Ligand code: AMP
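Quick heads-up: it's one chain on its own, the form predicted on its own, in structure tokens.
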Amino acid sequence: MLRLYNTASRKLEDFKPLTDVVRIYTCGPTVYNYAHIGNMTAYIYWDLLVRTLEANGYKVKRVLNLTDVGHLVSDADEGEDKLEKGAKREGKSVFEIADYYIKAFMKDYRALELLEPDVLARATDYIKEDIEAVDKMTANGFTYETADGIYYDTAKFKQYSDFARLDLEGLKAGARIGFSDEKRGVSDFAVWKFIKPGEQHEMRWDYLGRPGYPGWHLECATIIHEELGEPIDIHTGGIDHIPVHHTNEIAECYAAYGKDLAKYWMHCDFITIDGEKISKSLGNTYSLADLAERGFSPLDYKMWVLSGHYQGTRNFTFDSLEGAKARRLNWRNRIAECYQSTEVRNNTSEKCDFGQVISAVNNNLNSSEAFALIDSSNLSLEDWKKVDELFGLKLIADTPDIDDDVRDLIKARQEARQAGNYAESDRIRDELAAKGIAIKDTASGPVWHYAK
């Protein structure tokens, strides 16, 4: 039985899908810059969620959005649009920025062997639907107009504070100086922003006779409504989405469509790097390309991420990444041993099969427990194939059986050793090493491993 921690209920629940297809929505990136490894962590965890559901026999439909408009620098309704900021930084149009960084994000996404979403939804493809949703919220009495936009009146949604357990009275008491007189409540938020005269904003659409653009939160509620229908089974994101973004999505869905947005909510925690928050000022916004320059593959990083739990605060160091790289190589070489005779295979004291591995992951995606089980167990080649499907680590593809030429070299080296011709044996060993093959001599004969 698959059990998942539901943020909405704050407890571990037995998963029960609403229909015969599990519908999942994942909050995607704002595509104004390269993604750093902290950004990619969430997509690794939610890839495991999809793979776990499929391993349990469920059919899945997942939507991943791409925010290419409307997300301001802060979660509040102020500041500079991130796409506009990126355009100024690079001297390009916002459309060029969005296209470029979507391609960059998807390149990293695929390098991590993440399953493709069924729908990759760009926010700008749903402007008509956004406007229709604002019209519905207005008709239902949930919005009001100010000089700079259409705002959601959170006082009209009595359950607004429930999801994040917000202290609205405390928010009111701590409202910042300069708080807009037009904004009725401190928790009210823009569902549509008007562009002020003279304001530079390339992406603009006419609404109520004025140019503007959708508020950030609206795109997710709209895309879910159009692509999946509400309530969906599972909504995923980071813990930073809980108090503002996801709370506002829930409010918009209720106001526009009169329905709950999702049955299950899952949120992953942040990672730190060397004990510090990821920050450009600290120079620790490492990308997958930065890791590659240091000799690590994207799948080494994925291995590191999955060695912990999605709800845990993780601290990344290059030493820990080195450990993950070594662990993945160890697993690959245990697969290599499966190609060889049973006499020379690594026979550990513990035995398990894939059923035990999936049972561990079924406990709230506990990949850490599953990894420990794999480390101490003796798996068959068929089990390794299932492990590879579950975690997407490309273990089998990166560990092919040796060809006849390498097999002949290993045989020739063994014959040289038996004849006491150690110089020839060493020469062949070096030739094998150049091919990335290491040889370990055992009482049962030579065992070949991949050196890297």
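Note that the structure is predicted; figures quoted are calculated from it, not measured. Throughout, we count residues from 1 along the sequence that is shown.
The same protein has a further form, the form predicted in complex with ligand AMP, not shown here; the description that follows concerns it.
Ligand AMP is not shown here, and in the predicted complex it never comes within 4.5 Å of any heavy atom of Pro243. Taking the partner from the other structure, ligand AMP in the predicted complex has a heavy atom within 4.5 Å of a heavy atom of Gly238. Remark: Lys193 does not count among the residues lining ligand AMP in the predicted complex, judged by a heavy atom distance of 4.5 Å or less. Within 4.5 Å of any heavy atom of ligand AMP in the predicted complex lies no heavy atom of Phe391. Only one segment in the set 122-130, 331-339, 251-259, 271-279 has any non-hydrogen atom within 4.5 angstroms of ligand AMP in the predicted complex, and it is 271-279. Proximity to ligand AMP in the predicted complex, taken as a non-hydrogen atom within 4.5 angstroms, holds for one residue of Lys386, His36, Lys61, Arg417, which is His36.
Listed residues Thr52, Thr41, Thr26, Thr67 were compared with ligand AMP in the predicted complex; Thr41 is the one with a heavy atom within 4.5 Å.
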